[in-house]
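Structure 1 and structure 2 below are two forms of the same protein chain, each written out on its own as structure tokens.
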Structure 1
Amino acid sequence: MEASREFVYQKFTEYYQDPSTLIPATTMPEQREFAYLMFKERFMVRHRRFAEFKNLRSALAETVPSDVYHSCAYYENPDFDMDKKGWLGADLVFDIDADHIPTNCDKIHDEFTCTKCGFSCRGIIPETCPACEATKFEAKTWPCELCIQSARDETAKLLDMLENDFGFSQDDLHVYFSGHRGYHVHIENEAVRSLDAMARKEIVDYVTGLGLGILDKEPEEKRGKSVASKKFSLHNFGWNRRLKLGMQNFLLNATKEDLKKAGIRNNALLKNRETIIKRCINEGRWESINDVSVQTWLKLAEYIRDSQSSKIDTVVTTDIHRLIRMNGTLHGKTGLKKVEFPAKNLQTFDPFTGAVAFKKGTTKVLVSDAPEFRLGGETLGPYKNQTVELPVAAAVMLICKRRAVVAN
């Protein structure tokens, strides 16, 4: 195992010491805190300040960290303790990670083990162990094509909201592949820099569709209204507009199975779909179809909300002191780079080629277990308890994911 760690360390060293390695400068680096996780010692170095970005480059080449971060915040004194830094503002940052998105593939390639009782299972890590209710786990995940696509879809929904509902231009949106299983979106516009945690929580609530008045779960008796007297209506702005467009698209293509997924048993939505779209959705006459009740509209609206909201990591966005992975640096769990690309290229940017840092050489590794995967233009695997010669990028990823060791 030590030989494998040394192998990865040497590759990281080559990357950070290579003069041709491109690590783009961050905005106003002199006002940011920098931090990095030491590769061998496994402790975090924090509260670092670099007056010039070239000094940071030199520090990375000298220390060779496994992961590098900078603060989303700007400070008067980035190298002081937290209570003395002097907060000046922060970028608005979003993190979309496949770890938080349920997919069918996670049951195939992800597994977790309870550190207390040893219970092991495949799938998304639960909040508590099913066997002993402990909360700490060792996880083995994998960045497969479906995982990346699920995160890409959530990012697309986020970008659509930021552009069309919040009014940001594509120039305001800095979009990155995270280096692992997701994407980051940074907004460095001065209009958001001074927002406090509560203001950012409002943005989070909007993006996740939390607190929509039309879907208020408060019991009817508390409002003094009966269900029968409640009316359903949507205007043409914000989430109301999104619900209307989502309902229209849903009804145009829905099957009985789709209704079942939405928890709706009323087949009248399918029998009269064209009339419903015209009268109810387009003209706003929601009560004009006798067979479609308020409860049905609410159920459909809730389903559309859940499908169109973006599954972001809410803690990252609300934290005004957050550290975020630095563009151009390597991810310690994969050996891939965090890479920026234009927002318009979200669907076409391929992380399995565009984020590959190691493009030369091969090495022999003993692979314990790995699914079929694509990296650097090659399709590799699946492997099970076998020694294979792989491109360096693939070998580094498998070792970082604890699925292989350097062969003797």
Structure 2
Amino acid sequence: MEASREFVYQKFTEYYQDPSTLIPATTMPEQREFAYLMFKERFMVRHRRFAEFKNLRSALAETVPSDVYHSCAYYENPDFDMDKKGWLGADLVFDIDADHIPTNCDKIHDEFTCTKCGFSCRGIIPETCPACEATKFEAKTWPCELCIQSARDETAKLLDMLENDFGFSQDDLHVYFSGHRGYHVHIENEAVRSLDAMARKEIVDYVTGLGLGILDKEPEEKRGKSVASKKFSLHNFGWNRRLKLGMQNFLLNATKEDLKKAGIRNNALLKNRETIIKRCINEGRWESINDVSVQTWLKLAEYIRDSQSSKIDTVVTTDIHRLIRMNGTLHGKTGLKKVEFPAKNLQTFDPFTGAVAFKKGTTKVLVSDAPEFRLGGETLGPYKNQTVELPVAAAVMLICKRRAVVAN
């Protein structure tokens, strides 16, 4: 193993072997499958069972994996083959990752190189190489503050729905920084454990606002009637309430620009805002303003739906066997740890200090390329082809992100 990987491995070893490292116990470990990625061999060890949490800790200290996971599912026999495990239930989990959502930074900090022709570019990784149409890339990603802010915004919308619509208390909602560019929310309540994949799919559709009847234009259209003949109406609960509130807020503050963004060309909505809100939204007389058609309302409702829905990873939540990163363990792509914080602290919890695992020492690295970044209370960079002495956490992160090597 080259010196840089060896250095990271060394630091991971210290982390897992230090008895003062705090790794919170997983709920009911004896019923879960554990899995980990071997640091050097790069393969995934799966179907491990630990009767007691302390056994898991010593296994981590011994093997020092690069990434550690456990099943969100509970099994009779977590160490058996998949079809013989005996599924007993599963936590309800949500994953929000900046990789999957549009962000304000446009990911200009990510760099990808086509493995076939070597074409290299910054920004969102395309499906196919612009130069040769191949589909495999070497990616160098970066956990930037804007990326994390976008993920945080999506998480805030999710938490709001889970609390107000689904009635979970703040104590039910376990919120984590994922260790890379996103957040996880786990719900371990008895009530959700037995939900099957289809029931979870319905929850996903709720969170993403999919299948709202009011926006379902097909039946009328297809029967030859125009959309305009459709009646517009909303009740006061669930998504209907969210649409109403969203429309009201939009109307209170909207500019012409905002309207354009929503795809509405008609400016009538901006004229008598107060009257429109009162008559249409509050009293439900949606057709009472001449210049505002059902079509306009539908457009606006759709825009509100898109902005209020939470862009979770749909596959994670519907998968009742899913492996998810274990709380308190290190992320192999950053050296940051997955860490829990109270739901109410979502906006104030700072991953770049709260998730830092290596707090001591410095080391010299040769950095090829890094933007300015914040870590462990310090602002560092930008660097370009230079040797610098960095705090261990920053050095580990740059090496994991393949932007630096140990200098000798």
Partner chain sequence: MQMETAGFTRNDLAKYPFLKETAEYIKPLDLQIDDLTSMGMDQILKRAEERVNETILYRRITRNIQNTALEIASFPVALLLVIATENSLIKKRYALAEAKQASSDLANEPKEKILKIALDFDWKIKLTAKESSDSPSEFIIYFTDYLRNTSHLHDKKWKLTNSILSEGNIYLNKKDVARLLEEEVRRRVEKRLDVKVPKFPAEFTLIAERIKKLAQETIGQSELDEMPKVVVQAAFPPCINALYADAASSHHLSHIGRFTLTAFLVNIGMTPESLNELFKTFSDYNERLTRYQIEHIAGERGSGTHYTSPQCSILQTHGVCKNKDDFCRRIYHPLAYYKRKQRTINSG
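It should be emphasised that the depicted structure is a prediction, and the values quoted were computed from it without experimental measurement. Heads up, when I say rigid core I mean the largest set of C-alphas that superpose within 1.5 Å between the two forms. All residue numbers here follow the sequence of structure 1, with the first residue given the number 1.
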**OP:** Look at both copies of the chain and name the one that is the form predicted on its own.
**Re:** 1
Original post:
Taking the rigid core as the frame, does residue 113 move its C-alpha by 2 Å or more between the two structures?
Top reply: yes
Original post:
Relative to the superposed rigid core, does the CA atom of residue 201 travel 2 Å or more between the two structures?
Top reply: no
Subject >> C-alpha of residue 321 moved at least 2 Å between the two structures on rigid core >> reply: no
**OP:** Keeping the rigid core fixed, work out how far the Cα of residue 125 travels between the two structures, to one decimal in Å.
**Re:** 2.6
